[in-house]
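Only one chain comes next, encoded as structure tokens, the form predicted on its own.
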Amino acid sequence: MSSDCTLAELCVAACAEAWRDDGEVLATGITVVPRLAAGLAKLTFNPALMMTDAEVFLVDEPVPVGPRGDYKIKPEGWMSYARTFDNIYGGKRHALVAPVQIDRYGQTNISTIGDRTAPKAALLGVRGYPGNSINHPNSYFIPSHDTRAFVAGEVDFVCSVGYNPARWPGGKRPPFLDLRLIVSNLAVMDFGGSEHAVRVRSLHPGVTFDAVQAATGFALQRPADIPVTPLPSAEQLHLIRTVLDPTGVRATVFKGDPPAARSPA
């Protein structure tokens, strides 16, 4: 293990774990950290991942973020819209996205903040969130863990469905709903608690459970023993720094980005 990684690098390695056991699925990482994480997963423990990195081709290796210079993509197949949606509708995709709000049920929001009839802010709209949430596995990266992102009650605008029985006819949740990891700047979480409660899986170095709970608008499930989020290995750091992000775009994710081994809080 290396002890000089940054918080962004820690989160990249933690997010990559979302695809560890997926096999051959289309990996979609939205925003810098999830995209780097998908690439890291493909280059290390899951080479079967399919990846486009916003190209019209499936690529043999992840395309670096930032300026490409002389880099040429290595296509291994054509990825049309039709083929993309075949994967989506067939459940052969796992997206790791970055919503602005998430609630206790895993419902997420990227549309509006505040009352929808007179919102404080208008954002992206719902985009592909509704269809994604009912067709294939989803995980989340939230870089600012606070009560504005991890909200009490429901998110201001439900863009993707979750485990809220009140949102399903007769309270019957469909069997295909598959929400997996949440990675923030403080911890790694999942929906493995009772009644799909959000459960803390690991705490980033220097972070306590109480600090995470104070920054969350709903009750978190606390296991008896919570490990520290593993730091990236030397191999992972090499891949992140020299192959996936040689120009250092990841440094823009967290202001200052102190080494994670000291404290990400």
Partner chain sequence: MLDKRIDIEGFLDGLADGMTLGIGGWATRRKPMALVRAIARSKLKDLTLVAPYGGPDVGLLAATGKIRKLVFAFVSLDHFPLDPHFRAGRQSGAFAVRELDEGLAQWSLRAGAMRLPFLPTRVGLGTDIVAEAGMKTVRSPYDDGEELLAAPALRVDTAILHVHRADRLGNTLVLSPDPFFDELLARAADRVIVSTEQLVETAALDLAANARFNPFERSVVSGVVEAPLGAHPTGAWPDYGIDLGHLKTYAGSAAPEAWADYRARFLDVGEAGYLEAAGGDAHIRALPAAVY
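What you see is a predicted model; the values in this text were computed from it and never measured. Numbering follows the first chain given and starts at 1. Superpose the two forms; the largest set of C-alphas matching within 1.5 Å is the rigid core.
Although not depicted, the form predicted together with its partner chain is the subject of the following passage.
- Highlighted residues Ala82, Val126 and Phe157: every one comes within 4.5 Å of its partner chain in the predicted bound form, counting any heavy atom.
- In the predicted bound form, Ala234 stays away from its partner chain, with no heavy atom inside 4.5 Å.
- Interface residue remark: Gly153 is not counted as part of the site for its partner chain in the predicted bound form, having no heavy atom within 4.5 Å.
- Within this chain, Ser111 lines the site of its partner chain in the predicted bound form, having a heavy atom no more than 4.5 Å away.
- Taking the partner from elsewhere, Thr117 is found to have a heavy atom lying within 4.5 Å of its partner chain in the predicted bound form.
- Across the options 158-166, 191-199, 178-186, 139-147, residues that bring heavy atoms within 4.5 Å of its partner chain in the predicted bound form belong to 158-166.
- Checking Ala211, Val56, Val228, Ala48 against its partner chain in the predicted bound form, a heavy atom within 4.5 Å turns up for just one residue: Val56.
- Core-superposed comparison between the shown form and the other one: the C-alpha position of Tyr71 differs by less than 2 Å.
- Superposition of the core reveals a Cα shift of less than 2 Å for Arg148 between the shown form and the other one.
- Once both forms are overlaid on the rigid core, the distance between the two CA positions of Ala121 between the shown form and the other one is under 2 angstroms.
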